[in-house]
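In the block that follows, a single chain appears as structure tokens, in the form predicted on its own.
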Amino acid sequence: MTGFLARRLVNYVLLCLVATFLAFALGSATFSPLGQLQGRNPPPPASVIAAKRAALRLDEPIPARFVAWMGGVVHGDFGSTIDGQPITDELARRIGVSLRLFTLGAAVGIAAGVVLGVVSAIRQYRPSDYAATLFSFLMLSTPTFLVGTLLKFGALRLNELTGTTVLSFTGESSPGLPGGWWAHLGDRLAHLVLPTLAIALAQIALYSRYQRSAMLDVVGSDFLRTAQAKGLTRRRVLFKHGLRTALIPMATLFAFGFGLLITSSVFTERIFGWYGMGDWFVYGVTQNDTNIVATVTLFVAVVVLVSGWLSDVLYAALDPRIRL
């Protein structure tokens, strides 16, 4: 099992490097970082443009620039933005924002989605199953930005009816909030409810459909009927043997789903004013900043790498054949 996980880890590291290089190369080939500087009126002196061009190393081949950038990354230096600001100073805060938001949203979505899928499979073709199916199809067909906007309007209406701010929907916290640690914690939780719900609703709908299908494949299997014929209760058979088997094909979906969730963070972060990695990626594209785009791509690739490797660990824990 150790050798299997080690080989998988090496493969993921190579894929991470390839993905980052492709993003760096694409940004370097298409971006025009000197466009804003050259478009000023009056135009800056040629010496200023030449100095900026040299600072950005635009005359070097793209592979050489990538190697130099990765050399700095290895030592914790992600380069500078077009404006000359160190990316490392902003990176930790942005990563913290995204991970706080999406780890909680994904955890809630996965847990609730698995439970809903299992209940739907066990109660197949009953009213609860039809209700879960309707909810899932409705959420899957609704864009993320529309769900977030509707949640914001609902929170605004609730606050108007109660005459106080029950739910906050802009930013991570209220600036200048008085009080101690508990007051600030409650304020942050109030700001976290709506964006977490916006993420979790889509995840619940997605995972419930996959889990329902996986559970239905297991419910009618021979080994469950054999276990029940030996005297085990139906509940024990379903949850000890059936659910464990049904979770095996879901392991990869859980892990990679979280990694890919980060890539779709743009709408959620923009709607609710959480300035994380998704918002930073949009900023980097609009500013023609290759270093920002490459840094965000590297972060997403690492998240997918870690998620994929953890899915292999989970897969091996659930399926004894992998350990052999």
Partner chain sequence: MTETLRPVAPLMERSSRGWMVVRRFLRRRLSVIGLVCVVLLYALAFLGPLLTPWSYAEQDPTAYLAPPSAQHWFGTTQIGEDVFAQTLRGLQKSLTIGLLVGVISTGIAAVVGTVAGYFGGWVDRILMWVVDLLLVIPSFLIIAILSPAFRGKTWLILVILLAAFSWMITARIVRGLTLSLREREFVLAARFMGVSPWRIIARHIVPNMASILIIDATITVGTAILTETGLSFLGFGVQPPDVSLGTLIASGTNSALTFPWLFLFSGGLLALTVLSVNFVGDGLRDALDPTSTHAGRRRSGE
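Numbering follows the first chain given and starts at 1. What we label the rigid core is the largest C-alpha set whose atoms superpose within 1.5 Å from one form to the other. Since the model is a prediction, treat every value here as computed from it, not as a measurement.
Omitted here: the form predicted together with the partner chain. The next part is about that form.
Contact annotation for Asp217: at least one heavy atom lies within 4.5 Å of the partner chain in the predicted complex. Under a 4.5 angstroms non-hydrogen atom cutoff, the partner chain in the predicted complex has Val282 among its neighbouring residues. Within this chain, Arg188 is remote from the site of the partner chain in the predicted complex, having no heavy atom within 4.5 Å.
The partner chain is not drawn, but in the predicted complex it has no heavy atom within 4.5 Å of Pro33. This chain is displayed without the partner chain, yet in the predicted complex the stretch 208-216 from 84-92, 70-78, 208-216, 103-111 comes within 4.5 Å of it by heavy atoms.
Site annotation in the predicted complex: the residue of Pro143, Pro127, Pro175, Pro178 reaching within 4.5 Å of the partner chain with a heavy atom is Pro143. Scanning 296-313 for heavy atoms within 4.5 Å of the partner chain in the predicted complex gives Thr297, Val300, Ala301, Val304, Leu305 in sequence order. For Arg234, a C-alpha deviation of 2 angstroms or more is recorded between the shown form and the other one after rigid-core alignment.
After superposing the rigid core, the C-alpha of Val306 moves by less than 2 Å between the shown form and the other one.
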